[in-house]
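Given next, in C-alpha cells, is a single chain: the form predicted on its own.
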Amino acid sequence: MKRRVIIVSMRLPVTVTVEHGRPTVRPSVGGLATGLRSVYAEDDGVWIGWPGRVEELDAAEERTLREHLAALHTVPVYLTAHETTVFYEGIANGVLWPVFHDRLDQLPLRVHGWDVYEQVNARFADTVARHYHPGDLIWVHDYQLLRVPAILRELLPEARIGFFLHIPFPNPEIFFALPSREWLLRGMLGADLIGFHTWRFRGHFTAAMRRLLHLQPEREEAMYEGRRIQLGVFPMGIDAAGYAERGASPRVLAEVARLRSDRDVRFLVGVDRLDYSKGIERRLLAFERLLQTHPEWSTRVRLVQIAVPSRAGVSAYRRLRERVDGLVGRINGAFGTPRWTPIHYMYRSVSDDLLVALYRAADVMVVTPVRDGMNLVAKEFAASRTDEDGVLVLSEFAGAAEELTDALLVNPYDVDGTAEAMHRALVMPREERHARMRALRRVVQTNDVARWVERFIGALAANGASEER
C-alpha cells in the first residue's frame, strides 16, 4: 500500500503575494515544486512550509489564505518579522550558506541567533507532528531545517524521517568553524535516511561524524543512538520532458529567432542567481581574457548574463552586485564598439519562455559556480536542446559535474583555463557538439526529477519496512 508523504521545506510550492491587504496564491515553478507535486497533491499528502511575508494580513484574510492553502494540500508555518531577519537572513543565509559553500570569509565576526534558529525549526516540527498519521513518511529538505529531524525524533519516535541536503556538505575542516557544528550534525542524525547530491558530499558528512561524534559509519549507513541511519546519494534531476516540450514550442522558437537576428554574433549564456557561490565575477574575467587572447572574436561573440536578484537584505549580496556592475562596465568600456557590446547584462528575473529561449539560442552555456550542490541550470540547458546542439562549459565544483561528464569541465578558479574552454566550445566541430549533447540529454532524461523522487521515497519506505520486519 502506498504511504502518505509529508514534505517539509523552508518555502511552500506556491508563491503568496499580498496586495492591498489581500493574498494571492500562485503555483511556484521550479524543480522541487514540480518534482514533488505528485507526491503531496495526488496521494493525499501535505507540504509544510513558510508562505513568505504575510504579516500585514488581518485575521479574516489570514483565515482565507489558510483555507486556500489547505485546498492545495499545503500548510503554512508563519514567521514574525524578527524571525525572518534572524533565522532566515541572519543564520540560514548569512552563516550556514557561506560555510556550506566554503566561504568562511563571508562569516560575520560574531554570530547571534541560534536560539531563534532552534525556535523556528521547533515550530516546523510541531506543525509536522500535528498533521502526522501513523505510517506517514516525512521528508525534510535543506539547510534551513537542519534541526527538524532531531526535534521530530523526540516528538515522533516511530516515524520514518528522511532528510535531503540540497547544497554541498562542506569539508569537515570548514564545517568545524561553526561553534554549533555538533548540535547541527545531531539535528540531521534524527533522520532515518540522509540524502546528498554527490559521493563527495556524503564523504564529507561521514568524516564529520567520525571526528565530532567518534562514530564509525560504513559507506552507506551508520549506527546512532541505537538506530540504523542510511546515508544515500541521490543526484536531483529536472522535469526533462517539460523543458524539451517548451524548448520545441513555437513561441520559444520565435523568441530564439528574435534573439539570433544577428547571425554573425555567437552567444555565450550564463543564468544564475546573483550569489557569490555562482562564480559570476570569475566568469566575467574569463570572458575578458577570451577577448584578450583571441581578438578574432571581437564583435563576433557576446556574453548574455542573467543575474536574478537574491537576498538583497544580506550585505554580502549588495557588495557582490556592486562588484559585478563594475566589472561589466569596465569590460564593456574597454572592448565595446559603437555597434557591439560584448556583455549584455540583465539584473532581473526572466520569464520561463525567455529562459528556455536563451537556452536554445546559446552556442555555449557557461555554468561555472565556485561551489554548488547540483546546479539544475546545466540540466535545463541540455533538456531544452531538442536540436542536439550547443556546448556546456561546466565547473568541476558543481554537483552536476559528476553526471554531466560530456560537458567541457573547467576549474572556475583558473581564469585562463576557463577562457580557453570558452574558445574551444566556440570552435568545436558540429559532429562533436552533437555527440556531446546527445550524451548529456540521455543522462538528463534518464535521471529526471521523477526518478529522483522515486529513488528517495523508495529508499525511505524500504528502510522502514526492513526495520519493521
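Quick caveat, the model's predicted, so the values are computed rather than measured. Numbers for residues come from their place in the sequence shown, where the first is 1.
If you look for the form predicted in complex with a small molecule, you will not find it shown, but the lines that follow are about it.
**Q** For the three residues Arg283, Glu288 and Asn411, which mark the spot I'm curious about, does each lie within 4.5 Å of the small molecule in the predicted complex through at least one heavy atom?
**A** No, none of Arg283, Glu288 and Asn411 comes within 4.5 Å of the small molecule in the predicted complex.
**Q** Is there a heavy atom of Arg273 no more than 4.5 Å from a heavy atom of the small molecule in the predicted complex?
**A** The answer is yes: Arg273 has a heavy atom within 4.5 Å of the small molecule.
**Q** Although the small molecule is absent from this view, report whether His166 comes within 4.5 Å of it in the predicted complex, heavy atoms only.
**A** His166 belongs to the contact set for the small molecule.
**Q** For Gly390, is any heavy atom within 4.5 Å of the small molecule in the predicted complex, or not?
**A** Contact with the small molecule, no.
**Q** Applying a 4.5 Å heavy atom distance criterion, does Asn375 contact the small molecule in the predicted complex?
**A** Although the small molecule is absent here, Asn375 would touch it in the predicted complex, with heavy atoms inside 4.5 Å.
**Q** Leu215, Val308, Val256, Leu107: which sits within 4.5 Å of the small molecule in the predicted complex by any heavy atom?
**A** Selected residue: Val308.
**Q** Please identify the residue among Leu145, Ala208, Met236, Leu268 with any heavy atom within 4.5 Å of the small molecule in the predicted complex.
**A** Looking at Leu145, Ala208, Met236, Leu268 one by one, just Met236 meets the 4.5 Å heavy-atom criterion.
**Q** Just to confirm the contact call: exactly one of 181 to 189, 376 to 384, 115 to 123, 145 to 153 touches the small molecule in the predicted complex at a 4.5 Å heavy atom cutoff, so which is it?
**A** Comparing against the small molecule in the predicted complex, the contact stretch is 376 to 384.
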